[in-house]
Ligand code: HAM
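The chain below stands alone and is given in structure tokens; this is the form predicted on its own.
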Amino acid sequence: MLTKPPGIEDIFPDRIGRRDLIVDAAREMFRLYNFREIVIPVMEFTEVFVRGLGDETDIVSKEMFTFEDRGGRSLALRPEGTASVVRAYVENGEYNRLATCKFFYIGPMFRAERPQKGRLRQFNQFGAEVFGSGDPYHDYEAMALMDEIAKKSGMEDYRLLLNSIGCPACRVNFVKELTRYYAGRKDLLCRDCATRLERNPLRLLDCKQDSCQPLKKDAPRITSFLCAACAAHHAAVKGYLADGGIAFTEDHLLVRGLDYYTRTTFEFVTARLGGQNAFAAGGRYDNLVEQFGGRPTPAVGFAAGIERMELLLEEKPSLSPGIDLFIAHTGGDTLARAVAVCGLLRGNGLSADLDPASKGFKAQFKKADREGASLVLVVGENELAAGTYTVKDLKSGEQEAVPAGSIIEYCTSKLKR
């Protein structure tokens, strides 16, 4: 028997209802916030992610699926969306000439990491990016947008964590102090952090290893090193959140695992996902467009994991919508009438189905129930002779004889009620 690779899921209909709820909520809120959809490639030249994420990040150094094409060029399956959106924004001048651009995307991402709850090798995200404004309002808007999507999806008991990691100028002294602090504790670091200390000290604060957690408690705080402009920006973001009624917790350890962030970083977290406690995260990246060859362009954005959000909705009742009508018949001429009315129902926007095999009504009613039908429309010999249908409401048990010429109007009205 052939099997799927580890960390890859098959998604069957019983999960689609929750998935659709999340994606539909995201699409609706993106519309209300005036974000327009962009579709980015599933694969890019590897350099897109090396340049965008940094070659010392775990994603680039450990987790990317890379391969060579027939021309010997290195390609990678996209591990995240922002770098691809930035590449597309810079490459297509029509958009980067605009004062501001607001994009969103939805699709699969790929990371070669150890599969566990909430962490897959192929997973799905939606995300949003704003180009062209350094105003702290857009930092707030990104968080407010994600908060609205979470609430509209039915999510509860989550928290918003917020930090500022400053700009390259004000991070210099912080990184020096951070390096000094950890250098005195080098023997206590995990293997990865010992390397980070030499190459990218800021990543020390992003380590998830248990052995490194106690060391963070007394580590210097970036907020104590912010320049005046970054401190004012951070204060303004917090002011917008407070005025908007969005609760948040400041977390001075929140630096995120990607090199492109500047100033604002944030995560939406919950205690119900174990070690992988974040289901959405983002921040500001004012220098990334320039790194991709574009003109200096401030930007901010976020991404959310659809599978992680699904896990948080598992206790909710099944959201599978089922079908409007199932048509039961006795075969022969009644099957011909059933096929005809099925097409008529579908043509008028009602979902309908039937089983062409000649089975008893009991078996057909069981199938209707399995399909989640709201109504069963019965076409038997008596109905055929009388020019009627019998319509049964599976929830209430009520049934009624309906003239054939009124069936669309009746079913439409009944389903609305």
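Please read all numbers here as calculations on a predicted model, not as lab measurements. One rule holds for the numbers: they count along the sequence shown, beginning at 1.
Form predicted together with the ligand: not shown, discussed below.
- Proximity to the ligand in the predicted bound form, taken as heavy atoms within 4.5 Å, picks out 127-135 from the listed stretches 327-335, 340-348, 161-169, 127-135.
- Between the options 298, 220, 118, 294, the residue in contact with the ligand in the predicted bound form by a heavy atom within 4.5 angstroms is 118.
- For the options 140, 104, 302, 89, the one in contact with the ligand in the predicted bound form, meaning a heavy atom within 4.5 Å, is 302.
- Within 4.5 Å of some heavy atom of the ligand in the predicted bound form lies at least one heavy atom of residue 281.
- The ligand is not shown here, but in the predicted bound form it comes within 4.5 Å of a heavy atom of residue 80.
- The closest non-hydrogen atom of residue 308 lies within 4.5 Å of the ligand in the predicted bound form.
- The ligand is not drawn, but in the predicted bound form it has no heavy atom within 4.5 Å of residue 185.
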